[in-house]
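Below sits a lone chain in structure tokens, taken as the form predicted alone.
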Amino acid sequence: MTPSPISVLAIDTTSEFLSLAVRAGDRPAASRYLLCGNGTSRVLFREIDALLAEVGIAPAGLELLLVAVGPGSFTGTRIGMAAAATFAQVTGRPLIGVDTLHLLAAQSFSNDGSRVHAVLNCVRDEVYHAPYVWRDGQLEAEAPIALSTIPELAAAVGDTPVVLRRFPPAPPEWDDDLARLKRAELRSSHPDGLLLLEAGIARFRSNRAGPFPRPEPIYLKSEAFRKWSPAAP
């Protein structure tokens, strides 16, 4: 059965880039990927309005909202999640969160059965990481997001190809350690809103009746992550 068309807005403000994408009907219609630095809050709603106008969709016409929940910038993640929650509340539409590591892993080619490890630096000598596998064209997490040191990461990854993203500042002494990791071949050069559309719509279609869990943020701070993590003591 062919999936029914759906209008969707995806918002990702977890990094220094503002990433937006809109799906109108049965295909992605428009996207933005802008380097905003600390200016995301000043341009976010302006860019969303322009993007929706470009494809002829009013906010009330959206059927689903998607947001990247981190790990990422503390302030940036909050900005995007607040904006997405506002749209969801005003329109009465569902809101689904997707973590940044899933979006990193989604940059890899979707060869059935292939595995990839997503890696993102945190603070000091710590990194967030998680393993994923492609099954029937869908990306599945094989384990929860973990926070580890670089030596622990090397042991966890082994020979699995990695998708690596480095948020500034990333210590230069990491270069040698990270260079030893096998890199995955990528189908997308950056984890943008188009990948967020892909992941979020798949989750929505797998559970159209809901309810959908309230998105919770994951921040680029080890203390915040440990407080957030369900496995934390």
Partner chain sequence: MNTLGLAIDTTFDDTSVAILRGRREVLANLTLSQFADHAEFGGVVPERASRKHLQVIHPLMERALAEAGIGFSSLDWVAVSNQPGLLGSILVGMTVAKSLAYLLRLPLIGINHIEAHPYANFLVHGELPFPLMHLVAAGGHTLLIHQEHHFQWKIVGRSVDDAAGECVDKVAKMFGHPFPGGPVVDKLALAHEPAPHRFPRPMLNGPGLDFSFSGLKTAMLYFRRDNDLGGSGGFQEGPVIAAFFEAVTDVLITKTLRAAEKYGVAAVTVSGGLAASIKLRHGFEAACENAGMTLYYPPPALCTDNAAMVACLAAYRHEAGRHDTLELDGRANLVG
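This structure is a prediction, so every number in the text was calculated from the model and none was measured. Numbering follows the first chain given and starts at 1.
Beyond what is shown, the protein has a form predicted in complex with its partner chain; the following relates to that form.
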Look at the stretches 192-200, 42-50, 177-185, 24-32 and give the one with heavy atoms within 4.5 Å of its partner chain in the model of the complex.
42-50
Can residue 154 be called a contact residue for its partner chain in the model of the complex at 4.5 Å between heavy atoms?
no
Examine residue 111 and determine whether its closest non-hydrogen atom to its partner chain in the model of the complex is within 4.5 angstroms.
no
So, residue 133 and its partner chain: in the model of the complex, are they within 4.5 Å at any heavy atom pair?
no
In the model of the complex, residue 17 touching its partner chain (heavy atom, 4.5 Å):
no
Please identify the residue among 85, 141, 146, 150 with any heavy atom within 4.5 Å of its partner chain in the model of the complex.
85
